[in-house]
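First, one chain by itself in structure tokens, the form predicted alone.
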Amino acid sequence: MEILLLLAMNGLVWGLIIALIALGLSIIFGLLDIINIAHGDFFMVGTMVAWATVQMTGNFWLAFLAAPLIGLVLGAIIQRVVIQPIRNAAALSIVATFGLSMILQETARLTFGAVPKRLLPPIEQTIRLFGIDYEVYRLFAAALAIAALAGFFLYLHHTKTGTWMRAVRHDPDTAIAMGIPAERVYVLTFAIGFALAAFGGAVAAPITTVDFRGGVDILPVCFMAVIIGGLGNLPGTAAAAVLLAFMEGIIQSFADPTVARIASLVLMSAVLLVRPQGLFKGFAR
């Protein structure tokens, strides 16, 4: 029973982190129609930034600022250099972002090495919770993820640039006719998507390994969350990410992790067959 509870709680915490990353993937796809194969590597960049920050400063807390800031800058540059030239040719986005993924992975391998690294959590205490000793940092990571998700939705609905993003997403022609700078919105959207994934990487760095291939396993879960939650449905994507990770955590208490991933794929297939618009279609966007 304790193992079941531990895995379920770990799955819930991991699901909140995945929700951050999947949310970035969803806004990039929803606004730019870009199938971003490199999105998992944006998460990897966040873990690498966290590791480098600790090595250079000895202060892990700075990584929570450095990772999203670097993600914003890199995202803006990548949108201008890689995405903008192919924005009206969505099919090319798979090829372009796959190449970008290879570039990011090889750059990380050459810069930080091929050996996976581990980061100690900045909070090493445990707390008695529901009858088990649970790591305080995982609870802190969950709280950070929730705060970041809430902050993003507040930004989206209560700021001028957030309103621009929603307007361009729903009706780009009318938005442009009303004077909204769509090109600036495209850059901002991709940059925020990168920043969310990088921040998720920094938060997850003490929980997972820091590896130049660290985004490879993250990407399929993010795509499944976007599909199950409903394409372009941002709250649905976040909810689906938590659901998937929690479900996999429960299944791993009595089965192999491969079985848990197969269960997620089966759920995604069932949603595509029965409710192709997404499991959470109708949630407020």
Partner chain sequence: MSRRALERAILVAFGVAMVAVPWLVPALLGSFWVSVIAEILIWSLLAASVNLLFGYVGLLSFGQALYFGFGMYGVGIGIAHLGLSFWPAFGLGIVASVAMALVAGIFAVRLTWHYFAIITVVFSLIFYFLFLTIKPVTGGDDGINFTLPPTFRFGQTEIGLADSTFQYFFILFCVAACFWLMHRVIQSPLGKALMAIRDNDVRASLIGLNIYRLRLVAFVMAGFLAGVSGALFAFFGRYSSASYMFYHVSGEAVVWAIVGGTGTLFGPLVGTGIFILVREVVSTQWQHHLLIVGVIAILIVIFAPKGFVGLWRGLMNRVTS
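The structure displayed is predicted, hence computed values, not measured ones. Residue numbers count along the first chain shown, from 1.
Unshown form predicted in complex with the partner chain; subsequent notes refer to it.
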Where does the partner chain sit in the predicted bound form: which of 172-180, 107-115, 159-167, 129-137, heavy atoms within 4.5 Å? 107-115
What is the one choice in Leu74, Val82, Ile123, Val187 with a heavy atom within 4.5 Å of the partner chain in the predicted bound form? Val82
Going by heavy atom distances of 4.5 angstroms or less, which of Ile250, Val216, Ala52, Leu62 would be at the interface with the partner chain in the predicted bound form? Val216
With heavy atoms only and a cut-off of 4.5 Å, decide whether Ile37 touches the partner chain in the predicted bound form. yes
Hey, in the predicted bound form, is Phe98 touching the partner chain, heavy atoms inside 4.5 Å? yes
Is there any non-hydrogen atom of Ile207 lying within 4.5 Å of the partner chain in the predicted bound form? no
Hey, in the predicted bound form, does Pro220 get a heavy atom within 4.5 angstroms of the partner chain? yes
